[in-house]
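Here we start with a single chain on its own, the form predicted alone, put down as structure tokens.
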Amino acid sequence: MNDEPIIPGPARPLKPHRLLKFLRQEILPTAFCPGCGCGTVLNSFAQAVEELSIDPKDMVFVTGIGCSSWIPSPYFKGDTLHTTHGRPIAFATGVKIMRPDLKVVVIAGDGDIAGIGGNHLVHAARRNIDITVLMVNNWNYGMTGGQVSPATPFGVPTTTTPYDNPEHPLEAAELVAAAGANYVSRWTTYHVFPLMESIQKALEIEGFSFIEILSQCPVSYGKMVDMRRASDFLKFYRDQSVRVHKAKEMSAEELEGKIVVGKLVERQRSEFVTSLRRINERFREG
């Protein structure tokens, strides 16, 4: 047996990853906690943008305050409005009205979108304005210590409900679908390829599009439910997820504790900005 030490040859330079062109490399690696799902969401979104050949210069990202608000700002290389907590959809509405030529994307968390920003969410869906909203749902206010959020499952302990959450969670995707959005889906960070395809659809469809993305939070949420590793969450998402078509055949009792994933709605209602501009043009000509 040869005991001589192995002397490695000169290291070959690594080729830059094709998705790095979408990221601000000077601030990598990210500030996300170990095991956080936000990196997966960022990866899936960048993949979708690349496959659609969208120039980031033709996009505007709007976000609020929270862990997932770091996904577009500062990491995605594009124009971004980092707004106040709960107000990204309101700001995005203004951007879309003034610049209908741009793709306007909101990426924010469940507290931002479904909590303090819930009214903006409902009425943007009702108006069917042509913006894409990705709600990254980690089931708690992860950035500020793991407090209960509108999406926290019933009976789960959090730092502000240490004896279990007495509230039933808001089913945000179903709410948005009922309010009138043209496209609604729900996926998890386990379903990376369906998620990427769903993001592509949401970016292409005209009208309000909404994707709820269940994303792991091992540090704040995980410590309260004994899931301290990302792999624990991914296995949970895998085992508890039920596709929409199968869920339709199941009873409420059978769906208890399950995560319904897939496309909830795809339709073609008239879009708000287009209708608004038609009205303006008609009265301007008159």
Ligand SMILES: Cc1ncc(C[n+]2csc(CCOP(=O)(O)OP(=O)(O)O)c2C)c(N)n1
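The model shown is predicted, which means the values in this text are computed figures rather than measured ones. All residue numbers are counted from 1 along the displayed sequence.
If you look for the form predicted together with the named molecule, you will not find it shown, but the lines that follow are about it.
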property: 4.5 angstroms heavy atom contact with the named molecule in the predicted complex for T63; result: no
property: Distance check, T144 to the named molecule in the predicted complex, heavy atom within 4.5 Å; result: yes
property: Interface membership of H85, the named molecule in the predicted complex, 4.5 Å heavy atom rule; result: yes
property: Exercise: V156 in contact with the named molecule in the predicted complex, heavy atom 4.5 Å; result: no
property: Interface stretch in the predicted complex with the named molecule - options 158 to 166, 187 to 195, 133 to 141, 94 to 102, non-hydrogen atom within 4.5 Å; result: 133 to 141
property: Residues C67, G109 and I116 all lining the named molecule in the predicted complex, heavy atom within 4.5 Å; result: yes
